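A single chain, nothing else alongside it, follows as structure tokens in the form predicted on its own.
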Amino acid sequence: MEEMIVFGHKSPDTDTICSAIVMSDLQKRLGKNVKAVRLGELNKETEFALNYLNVEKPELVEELAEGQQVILVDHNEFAQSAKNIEKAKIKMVVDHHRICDFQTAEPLYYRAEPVGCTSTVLFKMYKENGLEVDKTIAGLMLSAIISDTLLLKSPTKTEEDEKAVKELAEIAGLDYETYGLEMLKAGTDLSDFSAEELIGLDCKECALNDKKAKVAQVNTADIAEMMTRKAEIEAAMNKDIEENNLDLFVFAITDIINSNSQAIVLGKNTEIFEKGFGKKLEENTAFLPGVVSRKKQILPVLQENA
């Protein structure tokens, strides 16, 4: 049986990594030959979760062989996927994002649900297939949902996510609030990352009509401390803009304690951001009270005003 590989998007976050591992487990238990891989380095939040649960990080894959059978989790846009994804055989997609820039030559299993996290969908798939979830797999799905919904405080959270968190926490034997806060705080230690690494930790490329944009996000417990590095962050963003011919780059610094964000915005089309959020940029930055979700609160605004 030919091996399939499963992976999430580039610049992987906790949902991408955990969902890949979980999907591999699910498919193996259904008799498939599937291996989880990753498309980039782990962030500290994800490292905390894997270390806590004693799970090895997936193998790094940077480029796909032609005809490689793959399963995509937590993304569908080719710009966010592996190099040569257009030459691969996509057999399955499980996601919770909009469908964009996606086509295949053959039929496939495609499942996308409007929930806060891919792992919420995967948990339903275990139940639908009559499979019990062990403590480790439950811990991985719990970590993913906590990460994507900021401990159920993000507007992306749904009732299904909240229900899944409580069920998975019981299976995993974890106090989800205590564990979740420790995990999220682990991800806010960004002191040893270069500016180039910071803007690439959780960065997604997107099309705004005919404009090419990137929206990156980091979590912190202290926006002011992160803003002391504003000059070097802007230099890294400008370099990326030039190298990748971007029209807009938004870097959101999100305070996970107080649920706000500070945005650094650069590029030749910053008016898209200003129009959408009704804010005039001052020294390339704007404060966004109550904004914590790229998917629900930033990207839709940019897309509607491009």
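What we label the rigid core is the largest C-alpha set whose atoms superpose within 1.5 Å from one form to the other. Computed from a predicted model, the values in this text were never measured in an experiment. From 1 onward, residues are counted along the sequence shown.
Below: the form predicted in complex with another copy of the chain, not depicted.
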query	finding
Partner contact for Lys10 in the model of the complex: another copy of the chain, 4.5 angstroms, heavy atom	no
Ala224, heavy atom within 4.5 angstroms of another copy of the chain in the model of the complex	no
In the model of the complex, Ile85 touching another copy of the chain (heavy atom, 4.5 Å)	no
Another copy of the chain contact at Ala169 in the model of the complex, heavy atom, 4.5 Å	no
Contact segment among 67-75, 172-180, 96-104, 228-236, judged by heavy atoms lying within 4.5 Å of another copy of the chain in the model of the complex	96-104
One residue of Asp210, Glu159, Asp192, Glu128 in contact with another copy of the chain, assessed in the model of the complex (non-hydrogen atom, 4.5 angstroms)	Glu128
Listed residue that, although another copy of the chain is not shown, lies within 4.5 Å of it in the model of the complex (heavy atoms), from Lys153, Lys135, Arg111, Lys163	Arg111
Contacts with another copy of the chain in the model of the complex - residues in 281-306 whose heavy atoms fall within 4.5 Å	Lys295
Is_shifted Lys10 between the shown form and the other one (CA, 2 Å cut-off, rigid core)	no
